[in-house]
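Given next, in C-alpha cells, is a single chain: the form predicted on its own.
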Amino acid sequence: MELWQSIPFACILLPLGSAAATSVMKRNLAKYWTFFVMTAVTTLSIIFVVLMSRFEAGSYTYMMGHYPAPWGNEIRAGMLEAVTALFFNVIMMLSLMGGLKKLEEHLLIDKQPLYYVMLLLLTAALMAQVYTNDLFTAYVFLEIMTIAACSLITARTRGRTLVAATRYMIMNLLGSGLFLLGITLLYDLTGHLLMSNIKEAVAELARSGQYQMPLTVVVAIMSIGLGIKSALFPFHTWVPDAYGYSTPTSAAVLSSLVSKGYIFLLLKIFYRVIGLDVIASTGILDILFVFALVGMVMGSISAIRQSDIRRMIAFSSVAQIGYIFMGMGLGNEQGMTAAVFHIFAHAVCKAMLFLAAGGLADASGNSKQFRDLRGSGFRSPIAGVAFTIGALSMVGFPFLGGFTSKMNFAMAAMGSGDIRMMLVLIVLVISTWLNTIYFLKTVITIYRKPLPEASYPVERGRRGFCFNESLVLFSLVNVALGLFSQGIIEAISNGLRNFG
C-alpha cells in the first residue's frame, strides 16, 4: 500500500487530535490553529481527489492497525468518498470564514476556543462518516457529530438557542437510538460489524429467505433513525429554531454539512451494508419516496409563511432534503446520482444563504424581519449578490447548481418509467413554483426602497474581508457546479458503481 492511500486516515486523525490540543489554547491561537488544520485537511482532500482519479482499481480498503477482519477496523475510499470529503471540507472552511466576525460578537471570550474544538470534532466526524467501513465506528462518530452540532447551537447562550438545542438533542437522540438498535439487530443476524462482511451475510440471508421480517425491521429503523437526524419530513420540527437562532457559522454548518453527513451514511447502508436489491425488496424506498414528495411541498409552504429570513431558509432546507430523499426513493442509478449531486449543490447554496442573510440582517439594524430588510442589498452589496445567486440556484436558474440538480431529478424520473415519473414531474413543478414565490419575494425585498422612517448605519453591513471572500468563493463554487456539472456527475456515477 502506497503512502498517499493513508490520506483518508490523516483527514480523520488530524482534526480529531487537533481538537484535544485546541481545548487548551488561547482564543487567537485556537482560531489560527483551526484555520490551519482545516486548510491542511482541505489540501489533502484535493490531493486525494487528483490521485484517486488516476487510481485504476476504483476503491481500496485501509486496515487500521493492520489487523484483518473481523477483528480490525477498516477505511474504504473511492472516488465518491474523495469528492464528498473535498466538498465537505471546502464548505466547512468557507462557513467558518464567513461567520468569523459574528462568532467573536456572539460568543464569550472564554468559550471561543471550545467552539473551535467542536468544529474540529465535527470535521473529524464527517470525514469518518465518509470513509469508515465499520458500522459501529460510524455510530460512534455519528454521536460525536450529534454532540458537536448541539454544542454549536448552544454556543450562543440565549434562551431561544437553549430551547432549540434541547429540541435538537431530543429528536437526534431518538434517531440515534433507532440507528443503534438497528446495528444491534444486524449484528445479531450477521455476526459482523464491517460493512463488506455484513453485505455478504445479508446477501446469503436474502438468497435463503431466512429472517426476512427482522431484516426488514432493521432497514426500516435505521432508515427512519437517519431520516430523523437529517430532517426528513415529518421529522423536521427541530429545524427552524436550530438553524434560525444559532450563529451564522453554526447555521451554515448544520444545514449544509451535518444533515448531509447522515444522508451519506444512509447511502452507504443502502449500497455497502444491505445492498440496493435487498433494500428495494423491503419497500422502504417507497416510504422514503412518499415522505420526500410531501416534504418538498410542505417545506416550501412553511417557508412562504415566514416573516423571518433565517426561518424561511430553514424551512427551505426541509424541502431540499425532500429532493435528496426523492432521488434515493426512485431506486435507480440516475436517481441516486441526482441525490448525491444535490447534496453538493444544496450544501453550497444553503451555507451561502445563511451567511448572506446574516450580512443583510447586520445592514438592517440586526433585524431579520422582511419589513426591515428592504434595501439591505444596497447596504451590504456582496451579501445581496450572494443571496441572489443562492436564491436563483434554489429556484433552478440555468447555469447554477440548482438547475442541474432539478434537470437530473427530472431525467431520473423519466428513466423510472412508472407512476413515479408523473409524481416526480408534478411535484418538481409545484415545488419549483413555490421556491420561486418565497425566494424571489426575498430578493425583491432586499432591493426595494426602504421605508421612509427607516434609518440604518451603513457600517453595520460591513463584516470584513473574510466574510466577503467566503461569499465570493461560495458564489464561484455554485456557478462551477452549474457550468462544469458533467465531470462531477460522471465522478459521482463512477463512484456509486464502486460503492457497494
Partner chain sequence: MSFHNYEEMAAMILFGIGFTTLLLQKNLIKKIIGFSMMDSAIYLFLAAKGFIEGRKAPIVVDGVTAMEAYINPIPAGLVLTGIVVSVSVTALMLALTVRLYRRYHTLDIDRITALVRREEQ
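No experiment lies behind these values; they were computed from the predicted model shown. Positions refer to the first chain, counted from 1.
Heads up, the form predicted in complex with its partner chain isn't pictured, but that's what we're talking about next.
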Counting any heavy atom within 4.5 Å as contact, can you tell me which stretch out of 275-283, 376-384, 195-203, 132-140 lines its partner chain in the predicted bound form? 132-140
Name the residue from Asn332, Asn73, Gln212, Thr184 that puts a heavy atom within 4.5 Å of its partner chain in the predicted bound form. Thr184
Considering its partner chain in the predicted bound form, which of Met336, Ala165, Leu100, Val395 comes within 4.5 Å of it through any heavy atom? Ala165
So in the predicted bound form, does Gly177 come within 4.5 Å of its partner chain, heavy atom to heavy atom? yes
May I ask you to state whether Asp110 is within 4.5 Å of its partner chain in the predicted bound form, using heavy atom distances? no
4.5 Å heavy atom contact, Ile419 to its partner chain in the predicted bound form: no
Is there any non-hydrogen atom of Cys150 lying within 4.5 Å of its partner chain in the predicted bound form? yes
